[in-house]
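Quick setup: one chain, the form predicted alone, written in C-alpha coordinates, and binding and motion questions come after.
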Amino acid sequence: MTRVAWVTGAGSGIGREVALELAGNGWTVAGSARTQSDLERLVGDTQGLPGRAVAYPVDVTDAAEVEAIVERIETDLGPVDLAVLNAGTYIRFGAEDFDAAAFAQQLNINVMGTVNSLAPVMRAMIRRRQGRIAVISSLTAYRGLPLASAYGASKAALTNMCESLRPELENLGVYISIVHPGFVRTPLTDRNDFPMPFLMEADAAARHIVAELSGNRFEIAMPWRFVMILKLLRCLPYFLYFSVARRIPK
(Lines give C-alpha, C1' and ligand atoms only; values in the text may rest on other atoms or scores of the structure.)
Protein backbone atom coordinates (compact mmCIF):
# COMPACT_ATOMS: atom_id res chain seq x y z
CA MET A 1 0.00 0.00 0.00
CA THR A 2 1.29 3.47 -0.90
CA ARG A 3 2.31 5.62 2.05
CA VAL A 4 1.44 9.31 1.66
CA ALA A 5 3.43 12.12 3.29
CA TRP A 6 2.73 15.85 3.19
CA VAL A 7 5.77 18.12 3.59
CA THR A 8 5.41 21.89 3.90
CA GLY A 9 8.33 24.17 3.12
CA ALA A 10 9.38 21.50 0.62
CA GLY A 11 10.87 23.90 -1.90
CA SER A 12 14.27 24.22 -0.23
CA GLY A 13 16.36 23.42 2.82
CA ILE A 14 15.28 20.78 5.33
CA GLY A 15 11.82 20.39 3.81
CA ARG A 16 13.16 19.63 0.36
CA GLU A 17 15.67 17.11 1.69
CA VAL A 18 13.05 15.40 3.86
CA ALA A 19 10.80 15.10 0.80
CA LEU A 20 13.64 13.56 -1.21
CA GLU A 21 14.53 11.17 1.60
CA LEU A 22 10.93 10.02 1.93
CA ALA A 23 10.58 9.55 -1.83
CA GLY A 24 13.81 7.56 -1.75
CA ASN A 25 12.15 5.30 0.82
CA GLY A 26 9.12 4.70 -1.39
CA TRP A 27 6.73 7.35 -0.08
CA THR A 28 4.40 9.41 -2.25
CA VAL A 29 5.17 12.95 -1.12
CA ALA A 30 2.82 15.89 -1.47
CA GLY A 31 5.29 18.78 -1.49
CA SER A 32 4.01 22.23 -0.57
CA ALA A 33 5.71 25.62 -0.78
CA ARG A 34 4.84 29.01 -2.20
CA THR A 35 7.19 28.86 -5.19
CA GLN A 36 5.97 26.65 -8.02
CA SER A 37 9.40 26.45 -9.70
CA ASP A 38 10.99 25.06 -6.51
CA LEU A 39 8.32 22.36 -6.35
CA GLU A 40 8.76 21.50 -10.01
CA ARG A 41 12.47 21.00 -9.38
CA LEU A 42 11.65 18.74 -6.42
CA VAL A 43 9.28 16.67 -8.55
CA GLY A 44 11.96 16.32 -11.23
CA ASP A 45 14.57 15.27 -8.70
CA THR A 46 12.41 12.37 -7.48
CA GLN A 47 12.27 10.82 -10.94
CA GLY A 48 13.82 7.35 -10.77
CA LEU A 49 13.36 7.04 -6.98
CA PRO A 50 11.18 4.31 -5.48
CA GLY A 51 8.62 6.94 -4.51
CA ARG A 52 7.61 10.27 -6.06
CA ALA A 53 6.75 13.86 -5.25
CA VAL A 54 3.67 15.76 -6.38
CA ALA A 55 3.55 19.57 -6.23
CA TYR A 56 0.85 21.32 -4.21
CA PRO A 57 1.73 25.03 -4.00
CA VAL A 58 0.22 26.79 -0.99
CA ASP A 59 0.64 29.85 1.21
CA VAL A 60 0.51 28.44 4.72
CA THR A 61 -0.57 31.80 6.16
CA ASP A 62 -3.91 31.43 4.31
CA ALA A 63 -5.93 29.02 6.45
CA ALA A 64 -8.68 28.49 3.86
CA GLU A 65 -6.13 27.75 1.14
CA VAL A 66 -4.37 25.21 3.36
CA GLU A 67 -7.67 23.50 4.20
CA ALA A 68 -8.41 23.17 0.48
CA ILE A 69 -4.93 21.79 -0.28
CA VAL A 70 -5.17 19.08 2.39
CA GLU A 71 -8.55 18.05 0.99
CA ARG A 72 -7.07 17.94 -2.53
CA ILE A 73 -4.08 15.88 -1.43
CA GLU A 74 -6.28 13.29 0.27
CA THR A 75 -8.58 13.15 -2.76
CA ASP A 76 -5.71 12.84 -5.24
CA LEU A 77 -3.24 10.66 -3.33
CA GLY A 78 -5.09 9.12 -0.41
CA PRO A 79 -5.06 9.69 3.35
CA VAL A 80 -2.00 11.50 4.69
CA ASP A 81 -0.06 9.05 6.88
CA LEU A 82 2.72 11.50 7.79
CA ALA A 83 2.79 15.29 7.88
CA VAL A 84 6.10 17.13 8.22
CA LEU A 85 5.27 20.77 8.98
CA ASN A 86 8.43 22.63 8.13
CA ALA A 87 7.44 25.94 6.49
CA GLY A 88 9.04 28.89 8.24
CA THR A 89 11.28 31.92 7.96
CA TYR A 90 14.04 33.67 9.90
CA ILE A 91 14.46 37.43 10.15
CA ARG A 92 17.41 38.36 12.36
CA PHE A 93 17.38 41.49 14.48
CA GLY A 94 18.35 42.56 17.97
CA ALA A 95 17.37 45.17 20.54
CA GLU A 96 18.77 48.15 18.61
CA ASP A 97 16.82 47.38 15.42
CA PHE A 98 13.86 45.66 17.08
CA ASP A 99 11.01 45.65 14.57
CA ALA A 100 7.39 44.90 15.50
CA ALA A 101 6.39 44.23 11.89
CA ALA A 102 9.22 41.76 11.36
CA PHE A 103 8.35 40.09 14.66
CA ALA A 104 4.71 39.73 13.62
CA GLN A 105 5.75 38.36 10.22
CA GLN A 106 7.80 35.60 11.80
CA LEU A 107 5.01 34.67 14.20
CA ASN A 108 2.48 34.64 11.37
CA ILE A 109 4.56 32.34 9.17
CA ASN A 110 6.29 30.16 11.76
CA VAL A 111 3.45 29.78 14.26
CA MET A 112 0.18 30.45 12.47
CA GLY A 113 1.44 28.91 9.22
CA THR A 114 2.14 25.72 11.17
CA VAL A 115 -1.17 25.92 13.03
CA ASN A 116 -3.06 26.42 9.76
CA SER A 117 -1.36 23.30 8.38
CA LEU A 118 -1.77 21.27 11.54
CA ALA A 119 -5.49 21.82 12.03
CA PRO A 120 -6.89 20.06 8.92
CA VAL A 121 -4.39 17.21 8.80
CA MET A 122 -4.71 16.54 12.54
CA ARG A 123 -8.49 16.54 12.26
CA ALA A 124 -8.36 13.94 9.46
CA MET A 125 -5.92 11.75 11.41
CA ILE A 126 -8.05 11.88 14.56
CA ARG A 127 -11.06 10.82 12.51
CA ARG A 128 -9.10 7.79 11.22
CA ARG A 129 -7.45 7.17 14.63
CA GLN A 130 -4.01 6.98 13.04
CA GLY A 131 -1.27 9.19 11.65
CA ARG A 132 2.08 10.78 12.40
CA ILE A 133 2.93 14.49 12.57
CA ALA A 134 6.36 16.11 12.85
CA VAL A 135 6.65 19.83 13.58
CA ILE A 136 9.99 21.45 12.80
CA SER A 137 11.04 23.74 15.63
CA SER A 138 14.64 24.66 16.51
CA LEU A 139 17.15 24.37 19.33
CA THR A 140 16.51 28.10 19.85
CA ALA A 141 13.27 26.97 21.51
CA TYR A 142 15.32 25.83 24.52
CA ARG A 143 16.30 29.29 25.70
CA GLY A 144 16.22 32.91 24.53
CA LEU A 145 19.33 33.59 22.44
CA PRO A 146 20.71 36.99 21.37
CA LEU A 147 19.39 38.31 18.03
CA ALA A 148 16.71 35.61 17.89
CA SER A 149 13.90 37.11 19.98
CA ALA A 150 11.21 36.64 17.32
CA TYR A 151 12.53 33.43 15.76
CA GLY A 152 13.15 31.79 19.14
CA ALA A 153 9.76 32.88 20.46
CA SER A 154 8.03 31.37 17.43
CA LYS A 155 9.88 28.07 17.78
CA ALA A 156 9.30 27.91 21.53
CA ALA A 157 5.58 28.36 20.84
CA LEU A 158 5.63 25.36 18.50
CA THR A 159 7.44 23.22 21.07
CA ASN A 160 4.99 24.15 23.82
CA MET A 161 2.03 23.49 21.50
CA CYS A 162 3.29 20.00 20.66
CA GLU A 163 3.98 19.20 24.31
CA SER A 164 0.38 20.12 25.06
CA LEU A 165 -1.06 18.05 22.20
CA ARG A 166 1.05 14.90 22.60
CA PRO A 167 -0.83 13.19 25.47
CA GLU A 168 -4.26 13.86 23.94
CA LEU A 169 -3.24 12.72 20.49
CA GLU A 170 -1.64 9.52 21.77
CA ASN A 171 -4.99 8.55 23.27
CA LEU A 172 -6.54 9.13 19.84
CA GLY A 173 -4.04 6.99 17.93
CA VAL A 174 -2.09 9.93 16.47
CA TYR A 175 1.57 10.65 17.27
CA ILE A 176 3.11 14.11 17.16
CA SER A 177 6.83 14.83 17.39
CA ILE A 178 8.81 18.04 17.72
CA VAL A 179 12.06 18.38 15.78
CA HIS A 180 14.81 20.55 17.28
CA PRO A 181 17.61 20.99 14.73
CA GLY A 182 20.68 23.10 15.38
CA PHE A 183 22.36 25.02 12.56
CA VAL A 184 21.58 23.40 9.21
CA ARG A 185 22.96 24.69 5.92
CA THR A 186 19.92 26.15 4.10
CA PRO A 187 19.14 29.33 2.14
CA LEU A 188 18.07 30.90 5.46
CA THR A 189 21.29 30.12 7.35
CA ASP A 190 23.36 31.14 4.32
CA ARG A 191 22.47 34.72 5.30
CA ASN A 192 24.25 34.39 8.65
CA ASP A 193 27.54 36.24 8.97
CA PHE A 194 28.64 34.61 12.23
CA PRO A 195 30.19 31.24 13.12
CA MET A 196 27.60 28.45 13.28
CA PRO A 197 28.82 25.67 15.60
CA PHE A 198 28.22 22.06 14.58
CA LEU A 199 26.74 23.13 11.22
CA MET A 200 24.93 20.21 9.55
CA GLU A 201 24.18 19.65 5.89
CA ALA A 202 20.47 19.58 5.08
CA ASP A 203 20.55 16.07 3.62
CA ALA A 204 22.19 14.68 6.78
CA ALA A 205 19.58 16.40 8.95
CA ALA A 206 16.80 14.97 6.76
CA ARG A 207 18.15 11.44 7.01
CA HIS A 208 18.24 11.74 10.80
CA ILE A 209 14.67 13.10 10.97
CA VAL A 210 13.19 10.45 8.67
CA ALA A 211 14.99 7.64 10.50
CA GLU A 212 13.71 8.85 13.88
CA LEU A 213 10.16 9.16 12.56
CA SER A 214 10.02 5.39 12.18
CA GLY A 215 9.56 5.23 15.96
CA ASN A 216 7.31 7.10 18.36
CA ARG A 217 9.89 9.38 20.00
CA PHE A 218 8.49 12.79 20.92
CA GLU A 219 11.65 14.90 20.57
CA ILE A 220 14.04 14.57 17.64
CA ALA A 221 17.09 16.78 18.25
CA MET A 222 20.43 17.15 16.48
CA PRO A 223 23.43 17.37 16.43
CA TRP A 224 23.84 15.71 19.80
CA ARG A 225 26.84 17.76 21.02
CA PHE A 226 25.04 21.06 20.36
CA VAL A 227 21.87 19.63 21.92
CA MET A 228 23.76 18.79 25.11
CA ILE A 229 25.27 22.28 25.30
CA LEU A 230 21.90 23.99 24.93
CA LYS A 231 20.17 21.60 27.31
CA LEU A 232 22.82 22.54 29.87
CA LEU A 233 22.25 26.25 29.23
CA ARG A 234 18.52 25.67 29.75
CA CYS A 235 19.24 24.36 33.25
CA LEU A 236 21.41 27.31 34.35
CA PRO A 237 19.96 29.93 36.69
CA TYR A 238 19.39 33.27 34.99
CA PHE A 239 22.43 35.06 36.42
CA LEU A 240 24.73 32.35 35.06
CA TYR A 241 22.89 32.04 31.75
CA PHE A 242 23.01 35.79 31.04
CA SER A 243 26.71 35.82 31.87
CA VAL A 244 27.20 33.23 29.11
CA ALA A 245 24.74 34.86 26.69
CA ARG A 246 26.55 38.20 26.82
CA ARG A 247 29.60 36.42 25.37
CA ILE A 248 27.76 34.87 22.44
CA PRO A 249 29.17 36.48 19.29
CA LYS A 250 26.93 38.77 17.32
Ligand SMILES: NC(=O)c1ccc[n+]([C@@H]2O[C@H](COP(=O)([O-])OP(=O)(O)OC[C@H]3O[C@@H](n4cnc5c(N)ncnc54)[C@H](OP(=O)(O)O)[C@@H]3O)[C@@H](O)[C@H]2O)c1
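What you are looking at is a predicted structure, and each value in this text was computed from that prediction instead of being measured. Just count from 1 along the sequence shown to find any residue number.
Only in words, not in the display: the form predicted together with this ligand, which the text now covers.
Heavy atoms within 4.5 Å of this ligand in the predicted complex are found in exactly one of 159 to 167, 123 to 131, 174 to 182, 95 to 103, that being 174 to 182.
Within 4.5 Å of some heavy atom of this ligand in the predicted complex lies at least one heavy atom of residue 138.
In the predicted complex, none of the heavy atoms of residue 22 sits within 4.5 Å of a heavy atom of this ligand.
Interface membership of residue 73, defined by any non-hydrogen atom within 4.5 Å of this ligand in the predicted complex, is ruled out. Contact annotation: residue 118 falls outside 4.5 Å of this ligand in the predicted complex, judged by heavy atom distances. With the partner omitted here, the residue from 33, 42, 206, 221 that has a non-hydrogen atom within 4.5 angstroms of this ligand in the predicted complex is 33. Residues 58, 59, 60, 61 are the ones in 53 to 77 with at least one heavy atom within 4.5 Å of this ligand in the predicted complex, listed in sequence order.
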